[in-house]
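Next up: just one chain, as structure tokens, the form predicted on its own.
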């Protein structure tokens, strides 16, 4: 039986806009209108969502292969709505800052719109296989944007990202198949609601092999250390709108999937392999953090910064507490908004100067004060300054992870003493990442916007028009949710299914 979800509208709008662009409509105007319609519609869904009822709402299902339990089932709870909000807002901002390339400008916008349709479909899908397929749909135009319209060594970056992400997707597919096979044979399903019901009834065993497939499949897509090297180069070579959509939205798919699937289904495996994950995520935070400090170009620095911040969200996932998972969910939104704003500003600087090398820049705040102010706000949001949503997310992750696990005990002079457990040691080490973030962000701001202004930059235009408005929107959202994070907490926390 067919039932239509209003979420289908969010998926179809960018596809229809892409079709109109291909048919000859003005690419920029059509893309901006389509993405603006999606933002407004998503705000309406947030208003209509019944927090007291919770669970999945706005449900709809279209049979595809019902004999195998495969249906395009759409629905959203608080966590899904937060991710859909991120997807629509960043899409709108990316389209606003996009500058049509000389070659095939229509296809450039079509690729952006198809990425948007893919990520919205992934976050709205309640069918695990469709969640996977929508993500793959979004990856294809990402590769095209890097390989065709990118800069620098774009072909190498596109191929490297393709190899890594294809490997991660292949591993993830085995994990999803494994998840299907460990269900009771008579009631196997890809529907997330049925899978969760089976788990609650004790019908799905906690399978460590399936968990590891999901962890490393999703992890490669998220650039978990040491499988992270594809990301910084890809983001540095990609056009700014592509970096905004991939680093800001598409990259969150892996951690969203782990919170959705691994947390309620395989908590014992998460705890069993927690030492391994803690070691890897500290690689993201500390090793990649120090590599970020060593960068001499703004785009590469932002690429490594994006990889580094994934470690905090993995820490919230590994701790497996309500507080840490709520913080991780808030960080999905905060990092998406922050890195999208930073890549947009990086693109604006490249458009004006033709370079992002620190040693060639300096003093730009004198001639482009709005650009400097926006970058300063985005940099402080990335560091986790109080007043921005990232501060609330990081604080919850640190508190939740420090309180996870049992205290370590030992003997000292024949007396039992308490010590730090693995989660607490990892949290203490992770806090040092805030200092690392402050170092590279403040240094980048000083080198780009402070100091003497070279004569050749004396006539640069400042931020204006649609790019300016979209960046103000991103920064305003960070501040509003930073001062009032309880709205997000009330949405996200009931959606978390804890062991």
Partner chain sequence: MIPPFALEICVVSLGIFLLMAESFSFKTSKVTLAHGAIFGLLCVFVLSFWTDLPADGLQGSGFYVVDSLAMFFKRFALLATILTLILAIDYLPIVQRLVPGERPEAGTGEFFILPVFTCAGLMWMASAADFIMIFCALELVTISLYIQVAYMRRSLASLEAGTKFLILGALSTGFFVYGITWIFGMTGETGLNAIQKSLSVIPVANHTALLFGLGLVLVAIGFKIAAAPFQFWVPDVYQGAPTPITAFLAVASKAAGFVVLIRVLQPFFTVPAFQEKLTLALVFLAALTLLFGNLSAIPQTNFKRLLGYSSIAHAGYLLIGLAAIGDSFAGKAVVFYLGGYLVMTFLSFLVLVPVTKAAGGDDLAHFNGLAKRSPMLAFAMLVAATSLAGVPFTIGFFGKFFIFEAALNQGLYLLAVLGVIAVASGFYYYFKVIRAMYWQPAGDEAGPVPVSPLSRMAIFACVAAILVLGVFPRFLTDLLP
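On a predicted model such as this, the values are computed, not experimentally measured, just so you know. Numbering follows the first chain given and starts at 1.
Another form, the form predicted in complex with the partner chain, is not on view; read the next lines as being about it.
**Q** Heavy atoms within 4.5 Å of the partner chain in the model of the complex: does residue 372 have any?
**A** It does not: once the partner chain is placed as it appears in the model of the complex, residue 372 has no heavy atom within 4.5 Å of it.
**Q** In the model of the complex, does residue 367 have a heavy atom within 4.5 Å of the partner chain?
**A** No, no contact at 4.5 Å.
**Q** Is it the case that residue 174, even though its partner is missing from this view, gets within 4.5 Å of the partner chain in the model of the complex, heavy atoms only?
**A** So residue 174 counts as contacting the partner chain.
**Q** Under a 4.5 Å heavy atom criterion, is residue 360 part of the interface with the partner chain in the model of the complex?
**A** No, residue 360 sits far enough from the partner chain in the model of the complex that none of its heavy atoms falls within 4.5 Å.
**Q** Look at the stretches 156 to 164, 225 to 233, 301 to 309, 274 to 282 and give the one with heavy atoms within 4.5 Å of the partner chain in the model of the complex.
**A** Result of the contact check: 156 to 164.
**Q** For the spot marked by 66, 143 and 148, is every residue within 4.5 Å of the partner chain in the model of the complex through some heavy atom?
**A** Each of the three qualifies.
**Q** Counting non-hydrogen atoms within 4.5 angstroms of the partner chain in the model of the complex, say which of 181, 203, 385, 293 makes the cut.
**A** Checking each option against the partner chain in the model of the complex, the one that comes within 4.5 Å is 181.
**Q** Which one of 85, 398, 391, 107 is close to the partner chain in the model of the complex, taking close to mean a heavy atom within 4.5 Å?
**A** Among 85, 398, 391, 107, a heavy atom within 4.5 Å of the partner chain in the model of the complex occurs only for 107.
**Q** For the stretch 103 to 133, I need every residue with any heavy atom inside 4.5 Å of the partner chain in the model of the complex, listed N to C.
**A** 103, 107, 129, 130, 132, 133 sit within 4.5 Å of the partner.
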